[in-house]
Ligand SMILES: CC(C)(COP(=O)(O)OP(=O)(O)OC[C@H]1O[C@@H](n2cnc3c(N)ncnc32)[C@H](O)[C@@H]1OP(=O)(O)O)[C@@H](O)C(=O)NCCC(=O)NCCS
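Here you get one chain, nothing else, as structure tokens; it is the form predicted alone.
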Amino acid sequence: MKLEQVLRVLNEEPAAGVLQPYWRESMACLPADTPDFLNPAALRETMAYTNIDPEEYDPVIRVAGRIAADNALKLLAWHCRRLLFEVDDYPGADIKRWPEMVQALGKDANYFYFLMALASVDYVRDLHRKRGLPEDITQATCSDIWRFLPRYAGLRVRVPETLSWLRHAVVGNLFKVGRHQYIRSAFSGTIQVFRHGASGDVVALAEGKLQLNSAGYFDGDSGIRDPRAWTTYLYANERTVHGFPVIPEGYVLRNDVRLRLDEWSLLLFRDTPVLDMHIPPAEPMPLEASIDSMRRALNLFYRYFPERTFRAFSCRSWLFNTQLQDILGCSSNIAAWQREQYLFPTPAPIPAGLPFIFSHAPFDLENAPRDTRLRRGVVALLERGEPLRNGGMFGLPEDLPHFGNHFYRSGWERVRKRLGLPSP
């Protein structure tokens, strides 16, 4: 069947444009029997491997059987699976425009894309097996698909667009190690990081031409402008670099400093390879779990991917918004983790983190739930007209032995004095 015929049968003709690429190739390699990712026995094994609740098995297998028995649905499922995991140059942006499948599957529509998520597992297991990776890393990496269960669609993920995230694991770029996920990428923070040769202290300087508000965060966060906003600069020559320091608590000081390059070495700057950390939801995050994850991640990459060098751990997330320390209290897990990293500001033109705090449904301040301390605090902040910020962090691998001692914050007083900055 041609794609146009398939989509006509399924009442999904508008999706023809984004699904047309590689259709012929998909049809040419279609197996004569039921594809494995729709096979009941294979599905049960995959769901058991990824720790899916057994209560979910029957509806998944039922919908898989429905798809396998309907030629149009089977052809489309086979094609979508290939576009996701076998066609490297298929744009992730086009996945967002795939049909919701409501016309064809009604209330079972989200199972179509959960089956796509389950299909990723075979690819990941095969790749990890070839690299000789530990089985616990493989299983943890694959188990992230629980978020794609139909009951979490619109809450934990947006389907089909979030499916593109699974591509990172399929090609061997994303791994879950203990509490956190890791992907090697280019540093995107708007800072440069230096270490003092004699003391080992660390300082970050803001890039030039950043528009900041009077508190040292990005001007325009949540759409709010500050009439006292100012602009950073960063100048360098062979001997010195001149700019504005970012303190480890996560904001930029409006006191410029000059670093002598015979004393300070540049370690981290934009596009430097880093190990980007991602924080899967719905798991406790005690400090011990984070440090264990980071140590194990270092061992994993050093041992199995020595060619994938990186200069730092890094993350940009609403979880590194320093406002959370006031909302959740200094004893919270999030506040404790923030204190162990070097924080820096990142822009948030719209309030950051709302989809994760209140689910992916459209946010309504007046009717937003206030059933947790976090939600109550965020609602109160927004009602006061304050911006809900984003944040970034970095941590240098050689400083990991100091984790738990507030290394960057405890060294700031020495840095402040060395740079001649005024007392806070």
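In case it trips you up, residue 1 is the first one in the sequence shown, and so on. Remember, predicted model here, so these are calculated numbers, not experimental data.
Just so you know, the form predicted in complex with the named molecule exists too; it's not on screen, but the next bit is about it.
Among the residues Ala229, Leu328, Leu267, Leu298, the one placing a heavy atom within 4.5 Å of the named molecule in the predicted complex is Leu328. Pro280 is the sole member of Gly220, Gly208, Pro280, Pro134 with a non-hydrogen atom within 4.5 Å of the named molecule in the predicted complex. Checking 372-380, 394-402, 57-65, 40-48 against the named molecule in the predicted complex, the stretch whose residues place heavy atoms within 4.5 Å of it is 372-380. Residues Met285, Ser317 and Ser332 are all found to lie within 4.5 Å of the named molecule in the predicted complex, as judged by heavy atom distances.
Interface residue remark: Phe356 is counted as part of the site for the named molecule in the predicted complex, having a heavy atom within 4.5 Å. Taking the partner from elsewhere, His196 is found to have every heavy atom lying beyond 4.5 Å of the named molecule in the predicted complex. Although the partner is absent here, Arg179 lies within 4.5 Å of the named molecule in the predicted complex, judged by heavy atoms.
Applying a 4.5 Å heavy atom cutoff to the named molecule in the predicted complex picks out no residue from 13-51.
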